Structure formats: structure tokens, C-alpha cells
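Coming up is one lone chain in C-alpha cells, specifically the form predicted alone.
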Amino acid sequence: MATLLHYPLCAFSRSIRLALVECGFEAELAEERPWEWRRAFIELNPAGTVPVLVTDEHGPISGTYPISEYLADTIDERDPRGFQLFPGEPPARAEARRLVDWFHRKFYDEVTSYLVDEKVFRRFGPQSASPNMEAMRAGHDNLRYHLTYIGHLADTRSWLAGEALSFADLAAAAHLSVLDYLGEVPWEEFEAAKNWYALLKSRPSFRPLLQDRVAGFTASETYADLDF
């Protein structure tokens, strides 16, 4: 069986965890703390980042984009009628990839890196430090902009990228789920985004994420509540 090296509060890892379940790809989970720079882990992925999918047949595949493309390329071999990470015709697949890039790059740069990296990963660095409050404020401001955009997409489409659930939805939900764990999402101000997230949160693929508990960080009161 394949193994996914991940960290529970890593949004990139979470997006792949969701994708694996949706695609019906069985993999064991192994927590990896990338800040420890384990030699065996660096040998698998010289970049020192998670996620890394270690497959029986093809060895280690490192990074969110390579793993998602690997799953997309091989899904027909497993079940051509199953979940498609990038469904539809070429324009629809391009739109899904655009939004995946939006959330894994732009949303991460403008929100996740400020709120999660400052609140979580900063304490594990070589010189543990308190969060940069100016960065946290910037993250909160940027989050409102992104929630507005998510709400717009959810109001005008069945799912974020179009008519079908795609990896774009999983990527967005992965970032928001980490922020939600930390109690950083003002859901009451963004009803459309909240309703879209509630649909994702109720899917079977989300259940393992809602069971995550991380030492040193208490989940928000409504984190595992489907009727939040």
C-alpha cells in the first residue's frame, strides 16, 4: 500500500488527503514534521516539504501538483467512472487548474502563510518566536477578500470551477479547514462561502480531517460540527 507523508495542519497535505479518498486511492498516513529535516525524509524529497506520496509501483512523488497530476493521469486505470480531479472538456479542466493555482499559491501567499505559518510553524523553527501580529492582521484582511471571491464563485456555479466537484474545491477547502481548525474564519460574514464549505465538510472524504487533533493546538468549537 502507498504511504502519504503529511503534516495535519499543512493545507497542501490536506488537499491530497481529500483527493486520495475521493479518488478511491488507498494510502496509509504517516505524520512528517518537515522542520525536523530528517535525513530519510530529505532523501525522499530534497525540498524538505510535504506532502510526499510513496507509491509501491512508482516510488516517491513529491509535492501537491505532481501528486494531483499523478492521480489525474492514473485514475482511468483504476475506475474511469470515478471522481475526476480535473473534470470536463479542456476549458473546464484549465479553469480547475487555474483555481488550484489560485488557492495553493495566491491564497497561501496572502492568507495561509500569514495566519497558519505565523501561528503554527513559527514556533517550530530553529529560533521559536511569537507570531508577527502585523502579518496576522494582513492575513485576516486578505482572508475576507478571498472569502468574497469564493462566495462569488459558489453563487454563480455549481462548484468553484464549474458544474462538477474538482480538485479546485478540495484545494480551497483544505486551506480553509486549517484556518477553521484554528478558529480564524469569520463564517458568519460570508454566507455563500459558508454554504459551499458546508457541502464539502459533509462529504465522507472530510471525515478523517475533522478527526484530526494536533498537540499544542485546540480545534475550534465548531471545527467538527457539520451544522456550524
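Each residue number is its position in the shown sequence, starting from 1. Please read all numbers here as calculations on a predicted model, not as lab measurements.
The same protein has a further form, the form predicted together with another copy of the chain, not shown here; the description that follows concerns it.
K.L.:
Among 199-207, 58-66, 155-163, 181-189, which stretch has residues with heavy atoms no more than 4.5 Å from another copy of the chain in the model of the complex?
P.N.:
Single hit among the candidates: 58-66.
K.L.:
Since exactly one of Arg137, Arg144, Arg123, Arg105 fits, which has a heavy atom within 4.5 Å of another copy of the chain in the model of the complex?
P.N.:
Only one option qualifies, and that one is Arg105.
K.L.:
Do Phe41 and another copy of the chain come within 4.5 Å of each other in the model of the complex, heavy atoms counted?
P.N.:
It does not: once another copy of the chain is placed as it appears in the model of the complex, Phe41 has no heavy atom within 4.5 Å of it.
K.L.:
If we define contact as a non-hydrogen atom of the residue within 4.5 angstroms of the partner, is Tyr149 a contact of another copy of the chain in the model of the complex?
P.N.:
Although another copy of the chain is absent here, Tyr149 would touch it in the model of the complex, with heavy atoms inside 4.5 Å.
K.L.:
Given that the partner is absent here, does Ala94 sit within 4.5 Å of another copy of the chain in the model of the complex, heavy atoms only?
P.N.:
Within the cut-off, so yes.
K.L.:
Looking at the partner-bound form in the model of the complex, is Phe86 within 4.5 Å of another copy of the chain by any heavy atom?
P.N.:
Looking in the model of the complex, residue contacts with another copy of the chain include Phe86, since a heavy atom lies within 4.5 Å.
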